[in-house]
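Just the one chain here, the form predicted on its own, laid out as structure tokens.
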């Protein structure tokens, strides 16, 4: 008879290759077309408070070479770390400065971006990707400009940090250094790479 914990951990992608590729493609398209919500069909039941969409991105993007940092709500649920370690092989790190990916269940309490690796002029890709869980996409209270956007594009997601526009402006000023953001939830994923300009709508 299998142990209940082992049974819970076994619930990854139904089709590991196909589902991981589909989630990876959605993430790449999201970063290539900032602000456009790509469908993310995440048939996963990860431990709370990890959302299926964020879990799908983690399973598709992370491996034993990509340390993951969890924010307080996720770190407080031991089953979340166990799920991620089991399915990705990625180490869970306690310091945000050691992460290559960071999973954020509560964007309103998100650490300052400078707490995470920003890359260097020679190695700008040695930076973090932040995966923010959101409850909804919708009301376009932000305006985006930059590569991958024709003219400008409206964008909205909730919840976000109250100082989100200022954070993104500071992040853009570091380019080509800086962090990239994936917003996951509500059946989709949207990307806000470091190259994007974010303004109030």
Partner chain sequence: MSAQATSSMPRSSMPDITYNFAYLDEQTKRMIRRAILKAIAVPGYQVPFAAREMPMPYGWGTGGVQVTAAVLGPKDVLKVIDQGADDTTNAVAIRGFFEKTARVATTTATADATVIQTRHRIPETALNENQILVYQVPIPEPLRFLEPRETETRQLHALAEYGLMHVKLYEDIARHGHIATTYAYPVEVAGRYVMDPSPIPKFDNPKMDDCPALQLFGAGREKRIYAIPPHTRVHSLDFEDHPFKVQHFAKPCALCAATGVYLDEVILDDKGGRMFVCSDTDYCNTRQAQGHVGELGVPAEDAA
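Since this is a predicted model, take the numbers as computed values, not measurements. Positions refer to the first chain, counted from 1.
Not on display, but discussed next: the form predicted in complex with its partner chain.
J.: Under a 4.5 Å heavy atom criterion, is residue 167 part of the interface with its partner chain in the predicted complex?
T.: No, residue 167 is distant from the partner.
J.: Any of the heavy atoms of residue 138 lying within 4.5 Å of its partner chain in the predicted complex?
T.: Residue 138: no contact with its partner chain in the predicted complex.
J.: Does any part of residue 124 reach within 4.5 Å of its partner chain in the predicted complex? Heavy atoms only, please.
T.: Yes - in the predicted complex, heavy atoms of residue 124 and its partner chain come within 4.5 Å of each other.
J.: Verify the contact flag for residue 48: yes if a non-hydrogen atom of it lies within 4.5 Å of a non-hydrogen atom of its partner chain in the predicted complex, no if not.
T.: Close contact is absent here: in the predicted complex, residue 48 is far from its partner chain, nothing within 4.5 Å, heavy atoms only.
J.: In the predicted complex, which of the listed residues (148, 156, 52, 161) lies with a heavy atom within 4.5 Å of its partner chain?
T.: Among 148, 156, 52, 161, a heavy atom within 4.5 Å of its partner chain in the predicted complex occurs only for 148.
J.: Can you confirm whether 21, 28 and 31, the three residues that make up this candidate site, all sit within 4.5 Å of its partner chain in the predicted complex, judged by heavy atoms?
T.: Heavy-atom distance to its partner chain in the predicted complex: all three under 4.5 Å.
J.: Mind listing which residues of 186-200 have a heavy atom within 4.5 Å of its partner chain in the predicted complex?
T.: 193, 194, 195 sit within 4.5 Å of the partner.
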